[in-house]
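First, one chain by itself in structure tokens, the form predicted alone.
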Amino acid sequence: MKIEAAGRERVGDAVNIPIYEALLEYCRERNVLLHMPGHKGGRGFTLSEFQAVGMVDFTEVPGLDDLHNPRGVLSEAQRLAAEAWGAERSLFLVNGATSGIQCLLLALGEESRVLLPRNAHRSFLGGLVISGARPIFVECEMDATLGVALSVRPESIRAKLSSCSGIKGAFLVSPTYYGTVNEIKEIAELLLEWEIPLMVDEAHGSHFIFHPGYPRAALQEGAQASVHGLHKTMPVLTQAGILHLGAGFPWSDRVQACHGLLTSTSPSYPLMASIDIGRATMQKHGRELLEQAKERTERCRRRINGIPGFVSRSWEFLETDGVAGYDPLKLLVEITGLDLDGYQLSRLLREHYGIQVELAGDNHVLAMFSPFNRPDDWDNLAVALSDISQRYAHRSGARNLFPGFPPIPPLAFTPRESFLSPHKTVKIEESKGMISAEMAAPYPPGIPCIIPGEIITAEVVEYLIYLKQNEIPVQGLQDRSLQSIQVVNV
């Protein structure tokens, strides 16, 4: 089989990949497939690319185990993952890091107080609605130039612990979307004094463990649980993630039960096999590949810093309070002297140079590299930016000024209470003082400016108007034109 040859060429025979091996063995048996799925081993697909995926897309037949009661290859694959990432227990996620975060929040219990940074991804909202937990938000350290959250200071967490009693758990987002890493060790030690477990949304940091020159993984720094969106940086199919529980995590069995509730009873075997293969690939080749990618990204960063009108920071992020490190594969390009904004730059790169960046902001774009980019990808970006610098050096034009990310609004209801309450629709300009019944999160990076249960402030109204004027995509609002918002009908 071609798929077998391709897999072995990359991973090698010496690495254990139990799910993939079990799928290949089932293919070799050439059984009459009188079971799900309906494409019958890929034969139902007319495109050859889908036929290749379908060849290993099966269901829980004997020999392939069951994610809801793993005793065979899935149990072994999860054990190998726990070993690779230094966890006590690891659970495969087939609905991305989102489901791992929601498992942890659901395990906290209804009305439990949970400490959250304001830069928590929008997936936290689903977990709050499902669980009924009460969020206690902590202010983030913002970069004034970029208008993005970079860290949470340990002192900010200490202040919340002193002023708010009954906190049951605490979350961090580290690394952030922009690659900055929090002072996890210091925060974990602080929370340990209060007997509060630290859980980390480490969706963008699954590769850290495989190279000593990258930031240390959250579990290494004392966190008791972490969640990875493996597809973000590793050779893993989109939607595949993993939830790690460290030694001493207080609700391991409860999290396992929540995983069963929130996970499909028909988990995708291609997704799970890709987790297995991605883990094995990184164990065998990760250090070499990550070193190479790191060197290429830093070289590209130096080239960009020599182009008029652009700046790309790295170690400078460490000057921000609470930032302990950064992911060298995140290349943030700031526009400092050209008459175009980040959204225009993103469109130029795509339409004229065939380069699609991860996200755009008011005055920046973010490029995400991985060990699996082609060698000329780095060069192509630098060449394109050099050309754009010359073309836009002397142009002028009016721009809408970024009003700044709004302060955290006061919470009137829990997200669950608001979500389940009667709603009405009002114009955004007239919503000040009302209780939001929905979330608004510019995406990417998916950080909400308002969530259900919070009182809509003047700053939130101004920010939503700014998003509308600049045609920035916003998730969570029913009215995608940003004319109106759902509020609690009290």
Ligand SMILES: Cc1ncc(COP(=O)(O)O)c(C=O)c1O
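From 1 onward, residues are counted along the sequence shown. What you see is a predicted model, and the numbers here were worked out from it, not measured in a lab.
Beyond the structure shown, there is the form predicted together with this ligand, which is absent from this document and is the topic of what follows.
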| item | value |
| --- | --- |
| Region of this chain that lies against this ligand in the model of the complex, out of 138-146, 332-340, 273-281, 195-203 [heavy atom, 4.5 Å] | 195-203 |
| Contact at Ile101, Ser123 and Val173 by this ligand in the model of the complex, all three, heavy atom at most 4.5 Å | yes |
| Contact test in the model of the complex: Lys232 vs this ligand, heavy atoms, 4.5 Å | yes |
| Contact flag, Ala97 vs this ligand in the model of the complex, heavy atom cut 4.5 Å | yes |
